[in-house]
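This document starts with one chain, in the form predicted on its own, laid out as structure tokens.
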């Protein structure tokens, strides 16, 4: 991990001069309950990629969306708001067509199976979701994963080219490579993104070898905000692109896969075969379609506020910030040795409506930035940390 250093930002900022508040340190219970002044719209949660709505919040938001523009139902993924969402994502990614999927796993697996055709091998990152988190689903599609970059965020174009050259000599009966899959940003690498120049170099290698490419872009809006590369720029390097609907787009589930129309048109039957043809998907589609109107600017705002917050936190005594080399929304706050993190967590929640992941066995606090960071004035969030760090 690299050191986070944005002190220069604060030299010209008033945020570093916020005075400390005098607030009681009394606690109600060892197990926090919702404080009396709890306000969902005021909540800041450093624990997820998105807001993570409660059932009531979800229903209220869906009702509000419907009151503004009546939601059109789909039938088994056809028509209505689902079709509108598919067209919107095709436009966003610059692809010919999009298709709704019930899960990201199905989107990934159907994409690499379709791209590979009769070729059995698919090259992936070692720590990718496809390799580590999809329960060997590739075996259902008779595909053999070839993981590269052991325990690293990504493989380079040079590593990919070398592996392609070595494979024929490593097997007695060589079988071909059907596709290369890339996850960006990488969940198991705490959200680290892959440099765009490296992705372009990987694309060049694949083009030279006539190998199709798939992008697991579940959290691509986060990568885009931190890297400055647009969704369409990322998508242009790949034949198929999967984007999650529930990480930060407000839906309770679902995914969109985009690509050439000829490939996408093969997939409805495959969705049915694998049990993913759900009768109605309108609620997930409506939530995601609504979020798309503001999501790009929202993540840019989150990125800017994250920079300001982290720079302020690092000026506090005993605090340092660590991050991956190419970080997105996940950072690690190293706390003073004598700080009681459970006490700090409890107070942040009860007095300031701020939630963190408190691990009493660690002095590293993982902060996941998301849209809830915009729910309170930045000065108030900084002040809350100042109080709770200095008095815990």
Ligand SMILES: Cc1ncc(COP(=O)(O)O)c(C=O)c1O
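Residue numbers count along the first chain shown, from 1. Because the structure is a prediction, the values reported are computed rather than measured.
The same protein also exists as the form predicted in complex with the named molecule; that form is not shown, yet it is the one meant from here on.
A.B. asks: 167-175, 180-188, 199-207, 224-232: which one contacts the named molecule in the model of the complex at 4.5 Å, heavy atom to heavy atom?
C.D. replies: Heavy-atom contact with the partner occurs in 180-188.
A.B. asks: Identify, from the list 95, 290, 212, 219, the residue with a heavy atom within 4.5 Å of the named molecule in the model of the complex.
C.D. replies: Selected option: 219.
A.B. asks: So which of 266, 277, 103, 236 gets a non-hydrogen atom within 4.5 Å of the named molecule in the model of the complex?
C.D. replies: Looking at 266, 277, 103, 236 one by one, just 103 meets the 4.5 Å heavy-atom criterion.
A.B. asks: Any of the heavy atoms of residue 240 lying within 4.5 Å of the named molecule in the model of the complex?
C.D. replies: Residue-level check for residue 240: no, no contact with the named molecule.
A.B. asks: Do residue 299 and the named molecule share at least one heavy atom pair within 4.5 Å in the model of the complex?
C.D. replies: Judged by the heavy-atom cut-off of 4.5 Å, residue 299 is well away from the named molecule in the model of the complex.
A.B. asks: Should residue 282 be counted as a contact of the named molecule in the model of the complex, where contact means heavy atoms within 4.5 Å?
C.D. replies: Output for residue 282 is no: heavy atoms all beyond 4.5 Å of the named molecule.
A.B. asks: Please check if residue 121 has a heavy atom lying within 4.5 Å of any heavy atom of the named molecule in the model of the complex.
C.D. replies: Outside the cut-off, so no.
A.B. asks: For the heavy atom contacts within 4.5 Å of the named molecule in the model of the complex, list the residues of 229-247 involved, in sequence order.
C.D. replies: If the 4.5 Å heavy-atom criterion is applied to the named molecule in the model of the complex, 229-247 yields 242, 246, 247.
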